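Only one chain is shown below, in structure tokens, and it's the form predicted on its own.
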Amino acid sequence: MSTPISFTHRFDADFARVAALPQPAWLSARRRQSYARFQHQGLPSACDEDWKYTSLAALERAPLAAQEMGEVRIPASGFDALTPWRVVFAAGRSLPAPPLDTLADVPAGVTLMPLAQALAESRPAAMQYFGSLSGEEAFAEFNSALWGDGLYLELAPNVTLTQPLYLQQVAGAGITTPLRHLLVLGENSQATLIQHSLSGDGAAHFSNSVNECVLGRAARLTHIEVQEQNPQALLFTRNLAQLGADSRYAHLALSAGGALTRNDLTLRLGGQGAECRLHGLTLGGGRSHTDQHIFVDHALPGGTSRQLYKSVLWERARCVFNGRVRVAPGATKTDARQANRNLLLSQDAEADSKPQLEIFADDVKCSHGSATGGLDDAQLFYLRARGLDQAEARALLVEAFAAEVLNGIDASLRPILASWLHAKLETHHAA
């Protein structure tokens, strides 16, 4: 059962504004088709298995209005120190300075531009892969209809981005124009993307973004997502990746705050020997609700996947982990492991976990597991016996539990991520 179709008409004015933008006729037609499908589907409900634990009532009730770019404040970020390659999108639009094509010292063989420009210029890879992975899920259709702009990154074969690319996404009050990003990595190329989503102020807002990543043979992509939202924010992200033979994809998701956050990650290991390592951490307090929805499709033999998702919850926060691994017929020699662990720091916090394995091949190694509980009294006693007070002992154990998700990331990036994590947990302990 879907929500009444009248709800979707709340976005009619936003669609009319985006549809009026200068764009190729084929793209305009695709927008209309996606918006029609979104209106027909309506929003998912608890009757939809993929939304069993997540209600969209907060989105239906939210007093959202269209937003102008000038209303957005760009907050300071500690990630600026990591790299000179910084791109900012505010209210769904690229800021005019610095233009993407003026970023200093970008290697030859790198194409970096707004996605709308790449499609307007009919760039072959952009035309080939745009929309090829996103599917027809309601929020994917919403994004396909209303996206305003986004990042297009294409790496020629054997090209390495020597420094991370820092993508900052800032939302203000109301409805932020959806963002759409497309990354195409050629054979044996390599890149690191840090995608940082922030609330520009304390007002309620609804943000939606889609990332499509295509990795050629032996390509390497490290994708770090950091989400910092105010307590009224509604954030929906969808990451889709297609992995070629012997490619490597590492994804780290750090999420803090927000009234409702939904993160969908869908990977297809479409080449022999492809590998993905997926780590995530949710920090939740108040009445926040975070839903991590993961699907890894082992389509061909010899693929490897590792998943480790954790949450630290206090007060009345809730986190959902729904992880599914599919091993297709013939995908022998698959090695897939999945783990979800949740630390509840209050009696009112809640974690829902649903790990799943679907195995249709022989000669595979697959495992999954889930654990939820509070701090270990024996460990607390051990630390108290060595001079730490109760608050210090708890803080040390919580941070040690959370920091494990950083182990799958390159060592050069861990210090700043560990500092971010420490600051977030310190804020909780001080509350």
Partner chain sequence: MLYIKNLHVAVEGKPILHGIDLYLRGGEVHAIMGPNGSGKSTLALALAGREGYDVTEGSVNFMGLNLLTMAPEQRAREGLFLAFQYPVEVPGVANVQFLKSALNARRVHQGLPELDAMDFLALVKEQLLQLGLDESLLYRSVNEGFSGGEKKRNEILQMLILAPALAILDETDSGLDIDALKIVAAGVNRLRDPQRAILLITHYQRLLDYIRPDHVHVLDHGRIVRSGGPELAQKLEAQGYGWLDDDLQQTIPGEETRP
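Given the structure is predicted, the values throughout are model-derived calculations rather than measurements. Residue numbers count along the first chain shown, from 1.
Although not depicted, the form predicted in complex with the partner chain is the subject of the following passage.
Q: If you check in the predicted bound form, is Thr372 within 4.5 Å of the partner chain, heavy atoms only?
A: It does not: once the partner chain is placed as it appears in the predicted bound form, Thr372 has no heavy atom within 4.5 Å of it.
Q: Considering non-hydrogen atoms and a 4.5 Å limit, does the partner chain approach Leu383 in the predicted bound form?
A: Taking the distances in the predicted bound form, the answer for Leu383 is yes, it comes within 4.5 Å of the partner chain.
Q: Going by a heavy atom distance of 4.5 Å, is Ala400 a contact of the partner chain in the predicted bound form?
A: Ala400: contacts the partner chain in the predicted bound form.
Q: Is Glu60 close enough to the partner chain in the predicted bound form to count, meaning some heavy atom within 4.5 Å?
A: No, no contact at 4.5 Å.
Q: Using a 4.5 Å heavy atom cut-off, which stretch among 372-380, 26-34, 46-54, 358-366 contacts the partner chain in the predicted bound form?
A: Careful reading of the contacts points to 372-380.
Q: Residue by residue through 389-420, tell me which have a non-hydrogen atom within 4.5 angstroms of the partner chain in the predicted bound form.
A: Counting only heavy atoms within 4.5 Å of the partner chain in the predicted bound form, the contacting residues of 389-420 are Asp389, Gln390, Glu392, Leu396, Leu397, Ala400.
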